[in-house]
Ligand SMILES: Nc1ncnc2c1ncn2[C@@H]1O[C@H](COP(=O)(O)OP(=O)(O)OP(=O)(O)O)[C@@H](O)[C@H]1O
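In the form predicted alone, a lone chain appears below as structure tokens.
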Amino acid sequence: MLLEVEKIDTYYGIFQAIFQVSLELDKGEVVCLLGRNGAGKTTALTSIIGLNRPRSGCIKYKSLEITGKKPFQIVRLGIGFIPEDRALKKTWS
């Protein structure tokens, strides 16, 4: 198994954004998260990459537990994320 997400719960402050989310992804497999606005798709992805740490559950990448690791540690393992708002802004004159 390449990626295993087991029953993660993620919060924003006291607001629980996702409840018991689980998924499995094998090497070479393509998976799509679908749902209406506010359903938790982005929160699930940011939980996997360490931007929003789940309060419970387990995330494994190549059988290595990555739950609670910092985003830079997860990126070094080979997981990346391109957010919806990825516009490049000119910062020079």
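All residue numbers are counted from 1 along the displayed sequence. The structure displayed is predicted, hence computed values, not measured ones.
A second form of this protein, the form predicted together with this ligand, is not displayed here; the remarks below concern that form.
Participant: For the spot marked by L51, T67 and Q73, is every residue within 4.5 Å of this ligand in the model of the complex through some heavy atom?
Facilitator: None of them does, since no heavy atom lies within 4.5 Å of the partner.
Participant: At 4.5 Å between heavy atoms, is K60 in contact with this ligand in the model of the complex?
Facilitator: Residue-level check for K60: no, no contact with this ligand.
Participant: Although the partner isn't part of this model, could you tell me whether A17 comes within 4.5 Å of this ligand in the model of the complex, counting any heavy atom of the residue?
Facilitator: A17 belongs to the contact set for this ligand.
Participant: Does K27 reach this ligand in the model of the complex if we count a contact as any heavy atom within 4.5 Å?
Facilitator: Judged by the heavy-atom cut-off of 4.5 Å, K27 is well away from this ligand in the model of the complex.
Participant: Does this ligand get within 4.5 angstroms of any non-hydrogen atom of Y12 in the model of the complex?
Facilitator: The answer is yes: Y12 has a heavy atom within 4.5 Å of this ligand.
Participant: Judged by heavy atom distances of 4.5 Å or less, which residues of 33-54 approach this ligand in the model of the complex?
Facilitator: Stretch hits, in order: R36, N37, G38, A39, G40, K41, T42, T43.
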